[in-house]
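Form predicted alone, single chain, as structure tokens, below.
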Amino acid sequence: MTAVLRPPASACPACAAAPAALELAGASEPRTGEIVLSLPTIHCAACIARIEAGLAAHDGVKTARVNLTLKRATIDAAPDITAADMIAAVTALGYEAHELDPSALSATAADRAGRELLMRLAVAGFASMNVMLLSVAVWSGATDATRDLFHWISAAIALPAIVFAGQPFFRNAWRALRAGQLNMDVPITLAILLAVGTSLWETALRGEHAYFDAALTLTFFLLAGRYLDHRTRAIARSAAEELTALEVPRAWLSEGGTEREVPIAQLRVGDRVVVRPGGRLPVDGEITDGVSELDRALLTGETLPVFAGPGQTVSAGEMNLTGPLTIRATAVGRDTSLHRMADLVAVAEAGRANYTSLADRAAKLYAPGVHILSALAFLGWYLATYDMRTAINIAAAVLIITCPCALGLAVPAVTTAASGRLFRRGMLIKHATALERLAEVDTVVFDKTGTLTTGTPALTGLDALGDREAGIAMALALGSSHPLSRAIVEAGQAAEITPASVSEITEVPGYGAKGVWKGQTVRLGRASWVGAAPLAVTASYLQVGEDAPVALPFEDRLRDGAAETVAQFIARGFKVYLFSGDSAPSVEAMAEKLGITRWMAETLPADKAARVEELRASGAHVLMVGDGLNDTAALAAAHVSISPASALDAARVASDMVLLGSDLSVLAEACTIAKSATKRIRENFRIATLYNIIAVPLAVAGLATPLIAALAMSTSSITVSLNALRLRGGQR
């Protein structure tokens, strides 16, 4: 799946010659009911033309459109055309293709919101520049009729621009007031409306000061903050949706001796479902036909494949490894064991929802504070002068100059800079407050299989085999698709072992592979099948003729950077735990290898979540790193959570961040960047506070002219933006 986000070089030679083609891409969106393919290797207009022409030439294809920006193809085809046909057609053209689930893609709405924000930002910026030019003329000495004319022209520009550009703040403020609450948008809206209202009043009365430029500048800076925040979240959402959409939820339904592909939503209890090798079980049920092995690692953490045969009960989410299985469904949809885990997740997430971000905490103090200050300024000046006009002007100046620009930019500017830096390192931030929570972490909990390890076995005993056994094992493994066989082939190729001349190789589902070597039957597979005594570790067994079986042990390989990451966390004083559903010997061996002294083995999903809750209740701020369904509840219960991109969809949904690559070393760096980001946010708040300490007395004293307000607001906003940009360079 990571290939989608890190595409290899394109097969198209024109890409290098037409880099500008990226900018020429259209913006078509997938429509439900059509075949949608992910095309991670396309790069230019020539790729588009080649793929569209190739697909259009395929019988049954009505139209085919390729979107270069989204790297997707949307195909309108006849009902008998399948996604597999289209993938084969694209592959034949020299490009990589994966099917996407259109229902899981909602980029259209996200892009529309971004375009609207960008359009309002452009209008506010253009209008503020024009009004500022008129204001400079007034500040330079324009008086009387000239000043009044410039004020009226400013009003003609500012009023429609603010009505259009300020709508995001107006709508949010109205919703908050209707709910009886105050948020940051309430004082922003009040400041904008009061600035425009008093400016119109002053213009009508031929007054000296008007704040049209301040109202527009305020709107422009705050929209810039909103757009930065939107872009950060849209990038994360888009990548996460792309990963989700790769898991197409379909199943093969067996009816009257025929099979047809249907959406999982159409399955009913009692249906017979066929699951081919390499497929994931879509329902809970009972095996009625077929023999195979099941990989339950993502559900239970158990790395050893289990034997599967008629009469055995199975659960949705398990992976079928070697032989086709027919399953009679006993639970489908929301009644499966997969969805029952959602209840655990919902309970666990309730605690996380109570977290209040730094921005929200600042807004709770800021909003009532400026309202009270403005009201006191109005009351004080009215009692001192009994001049309503002067009192309202002072109150408006206080609201304007207590500029929320710095506060509105402080968090999104820092978050955007930190998110961009982490994204370049292979970390995707999904949740708005994930960085702040990551900065508070003092305890790290790792899952084992698929998280600290790759989840794929590696052969460890190849050197102990003789040339004859190694060659025979290599030949038999080449005829099997079992994960252990693939590991034997990989190790054999690395050691440059030549496969023996084994004939009549056949795979016996659920047991192993067998063949004939020099007239003798040779078998590679389960201990019970070849008559061997099983080892305590994962192993396959080779038997040559009537010779005693030979064991081939395996171990789960550590992910890149796993040992270094654990060592860094321990060295920094973090408490590190290892929770796994795997057996105690393998978990203990892994813990000793990595220097982890706190570990638990054979843990059920509820046990993991309960232990994480206990740690939280004791005051620990827990970072949970896991990938399986058995980790989902613990991921949701933790203070902050991270899952690899290879994790199941449910685990990625429950986590706050997604690790796009396979290297874990970015985890420790992410904690450092998060602490730096939180430090920058607090610095920005202090800058905003210092600014207000200086500016507010000027406004209350009636000295805040439009020129002073414009200079002060711009200075504070630019200062917090530059401070946030320090994160991009790597300063800590």
Partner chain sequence: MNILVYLIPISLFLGAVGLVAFIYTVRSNQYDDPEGDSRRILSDEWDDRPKP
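Quick caveat: nothing in here was measured; it's all calculated off a predicted structure. Just so we're on the same page, rigid core means the largest C-alpha set that superposes within 1.5 Å between forms. Positions refer to the first chain, counted from 1.
The same protein has a further form, the form predicted together with its partner chain, not shown here; the description that follows concerns it.
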Taking 4.5 angstroms as the cut-off for heavy atoms, does N130 touch its partner chain in the predicted complex? yes
Would F150 sit within 4.5 Å of its partner chain in the predicted complex, counting heavy atoms only? yes
Can you tell me if W139 lies within 4.5 angstroms of its partner chain in the predicted complex, counting non-hydrogen atoms only? no
Within 4.5 Å, heavy atoms only: does L118 come near its partner chain in the predicted complex? yes
Assert contact_stretch over 675 to 683, 44 to 52, 662 to 670, 688 to 696 against its partner chain in the predicted complex, heavy atom within 4.5 Å, equals 44 to 52
Each of A567, T705 and R726 near its partner chain in the predicted complex, meaning some heavy atom within 4.5 Å? no
From I157, M590, A487, A377: within 4.5 Å of its partner chain in the predicted complex by heavy atoms is I157
Sort through T146, Q493, S528, T506 and report the residue having a heavy atom within 4.5 Å of its partner chain in the predicted complex. T146
Rigid core fitted, is the C-alpha displacement of D76 between the shown form and the other one 2 Å or more? yes
Rigid core fitted, then: does A695 show a CA shift of 2 angstroms or greater between the shown form and the other one? no
Core fit, then A704 C-alpha moves 2 Å or more between the shown form and the other one: no
